[in-house]
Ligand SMILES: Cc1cc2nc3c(=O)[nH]c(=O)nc-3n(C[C@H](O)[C@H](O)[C@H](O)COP(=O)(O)OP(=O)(O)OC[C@H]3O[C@@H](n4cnc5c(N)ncnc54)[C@H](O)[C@@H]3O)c2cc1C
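What follows is a single chain, given as structure tokens, in the form predicted on its own.
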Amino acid sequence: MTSTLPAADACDILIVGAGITGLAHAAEAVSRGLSVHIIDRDFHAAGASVRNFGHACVTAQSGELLELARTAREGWLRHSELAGFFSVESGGLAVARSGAELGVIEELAAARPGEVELVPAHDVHHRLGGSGDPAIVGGALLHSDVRVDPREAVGRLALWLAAQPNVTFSWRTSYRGSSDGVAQTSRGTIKAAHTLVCVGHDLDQVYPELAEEFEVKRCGLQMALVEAPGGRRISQAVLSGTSMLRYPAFAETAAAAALRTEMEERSPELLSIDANLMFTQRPDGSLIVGDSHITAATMDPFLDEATSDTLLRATATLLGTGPLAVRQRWQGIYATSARQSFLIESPSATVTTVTVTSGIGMTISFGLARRTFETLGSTRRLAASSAGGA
């Protein structure tokens, strides 16, 4: 026999998952005057939301993703101020080390005047802390990009939400399904007008049919935290040629085909590990560097040292320095699908699943949250539903 949480704990919105997607939806619900209950099986966020670069890569998106990313950018800056976590609007820096890479960023700059600004090689060297790969021929500033410290931002956002009226957290609480506005959890039942399931790559643990239908799998990454060589300060998130093959605004340019051909000849070792060679700097000066990609239904936990060596050597070359001093290594995991960049589905009338399936959760989550609530309907309707079911 399961226990029932007190009636006072009935809420407008139950959110399953306290990663950035879940917390962004909680923040959106709060802004609409809704009561929120957030549950998470862990004691704090420990998944994809803290294992990434902390980079809202706004400028490199296109189409619908660009629209979501621009909305999310506003959300990051607003909640950084409200919750008191580090954020910086210094943007991104795409580094070109060949004519093919330069061609891609020149084409994007022509299409996005004012948002993408070409800079000469000497300026790129300066922004990399005074030196860099001698092969650098130029670069581009990505003015809309925002950075946070992923190890701080999600925790601070959760603390701020917990201090808001009508917000409840239940940590170490697992979700077991929902029916007719009543969610079953490992600690009893919770009444909610609507449940939002934001569990990332663990979608298959709660709604396996959805994960199978939309081909949602796990993407495993290898990343590292390294000392900044010589105490360098690097204001922008730094992207390289491999990034230009992954992010849509770059990859959709006509010049991208020539870049891929060049990379296949020049850097096959990076393509073989599906690398996105980039790095960001945390407030303490350390650099988050990465990353490689491998896809599987179940992710093995073992890190490949050859992959780490490839990424670290390539990062050192880009910086124009010697071997990097590694503080930490880790495996990141996020949800991925070849079919869509994000997945919003409703397995029942009172349950919606929201999953970012492309590794850009930090970039679009606040934008997705806005869209989710616009899709669900008015605040008044949700509140009326909650009152009727209490």
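Bear in mind that the values here come from a model prediction, so they are computed numbers and not experimental data. Numbering starts at 1 and follows the sequence shown.
Keep in mind that the form predicted in complex with the ligand is not shown, yet the notes after this line are about it.
*Would you mind picking the one in 70, 329, 41, 32 that has a heavy atom within 4.5 Å of the ligand in the model of the complex?*
The residue from 70, 329, 41, 32 that makes the contact is 41.
*Taking 4.5 Å between heavy atoms as the contact cutoff, choose which of 140, 244, 198, 238 touches the ligand in the model of the complex.*
Residue within 4.5 Å of the partner: 198.
*Report yes if any heavy atom of residue 175 sits within 4.5 Å of a heavy atom of the ligand in the model of the complex; otherwise report no.*
Yes - in the model of the complex, heavy atoms of residue 175 and the ligand come within 4.5 Å of each other.
*Looking in the model of the complex, any heavy atom of residue 55 within 4.5 Å of the ligand?*
Answer yes; at least one heavy atom of residue 55 falls within 4.5 Å of the ligand in the model of the complex.
*State yes or no: in the model of the complex, is some non-hydrogen atom of residue 202 no more than 4.5 angstroms from a non-hydrogen atom of the ligand?*
Output for residue 202 is yes: heavy atoms within 4.5 Å of the ligand.
*asked:* Residue-level question: is residue 27 within 4.5 Å of the ligand in the model of the complex, judged on heavy atoms?
replied: It does not: once the ligand is placed as it appears in the model of the complex, residue 27 has no heavy atom within 4.5 Å of it.
*Listed range touching the ligand, judged in the model of the complex by heavy atoms within 4.5 Å, from 319-327, 62-70, 360-368, 345-353*: Only one stretch passes the 4.5 Å heavy-atom test: 360-368.
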